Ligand code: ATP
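Presented as structure tokens, the chain that follows is alone, the form predicted alone.
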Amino acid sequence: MTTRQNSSSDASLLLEVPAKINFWLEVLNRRPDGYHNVSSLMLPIGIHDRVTAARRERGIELGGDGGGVPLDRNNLAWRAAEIFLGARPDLGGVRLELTKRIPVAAGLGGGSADAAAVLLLLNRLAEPPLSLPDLARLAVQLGADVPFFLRRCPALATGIGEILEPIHGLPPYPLVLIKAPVAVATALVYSRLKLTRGGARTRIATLLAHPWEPRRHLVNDLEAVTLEMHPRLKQIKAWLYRRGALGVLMSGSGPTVFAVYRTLPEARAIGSEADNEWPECWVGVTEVLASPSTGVGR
């Protein structure tokens, strides 16, 4: 979703970029370069960060409500601007404003989403803009998830996550998300993963044929490792199943757990219960965005 910025004096562009969940995540094998080949169904969801961008004479400026993340070169949004300006120095510089709504370090792709938003916004400011394939080549240098957020539609991700096949026909699953206040080190999770899968087993055709039987499709090879490190996540999963969830899974390397429900009112009711049951946790209620949002507001 995009909106317009109401300012006659500021020629900035604004983009709202969604979080994601991994409806499944199969880790296939380790590559010689240290990355892992995966098969993952990535779905955008209705929780958004907001990024604005405006040209300046030179350099990068990053401000706004960072939600606890640094507003300097340690932020992936800054590095996205840096890599784009390296490819297009004629743009000069950029002023960025970031408003975080996606929880940080949650397995929901917030940093990657912000980086992709910066690439899209700067590409809109550039004349002529880069092609989408060229933009994707910049995106993958920032992280395996970043190319997904350029299109922001359901996609099967393979390779290290950069090879994307758009998927159509999925319902807008209502979701309850619960993020426990624990820190998960993704590199540590991967280092403890025992690679026994050998090949992808979950199939898009099977999901499309049985979309409201999510439990049979929800697989995350990283989940067992993270749950062993953080047993509270097991308790959250069990609680959501007792509250009638059709399926429950951890997204990415965690720690956010999401539950699929049949209707949005049901999800909202469970979300209210979760606020009381897990007051130390972040709780979100939303739904899968089954259609892409591609425009940029000025």
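Bear in mind that the values here come from a model prediction, so they are computed numbers and not experimental data. Heads up: residue numbers just count along the shown sequence, starting at 1.
Not pictured, yet referred to below: the form predicted in complex with the ligand.
(request) Quick one: from 106, 167, 136, 83, grab the residue that has a heavy atom within 4.5 Å of the ligand in the model of the complex. (result) Among 106, 167, 136, 83, a heavy atom within 4.5 Å of the ligand in the model of the complex occurs only for 106.
(request) Have a look at 152, 217, 88, 100 for me and say which one sits with a heavy atom within 4.5 Å of the ligand in the model of the complex. (result) None of the other options qualify; the answer is 100.
(request) Name the stretch, out of 68 to 76, 223 to 231, 124 to 132, 156 to 164, where some heavy atom lies within 4.5 Å of the ligand in the model of the complex. (result) That would be stretch 68 to 76.
(message) Taking the ligand as it sits in the model of the complex, is residue 111 near enough to touch it, meaning that at least one heavy atom pair lies within 4.5 angstroms?
(response) Taking the distances in the model of the complex, the answer for residue 111 is yes, it comes within 4.5 Å of the ligand.
(request) Give a yes or no for residue 40: in the model of the complex, does one of its heavy atoms lie within 4.5 Å of a heavy atom belonging to the ligand? (result) Looking in the model of the complex, residue contacts with the ligand do not include residue 40, since no heavy atom lies within 4.5 Å.
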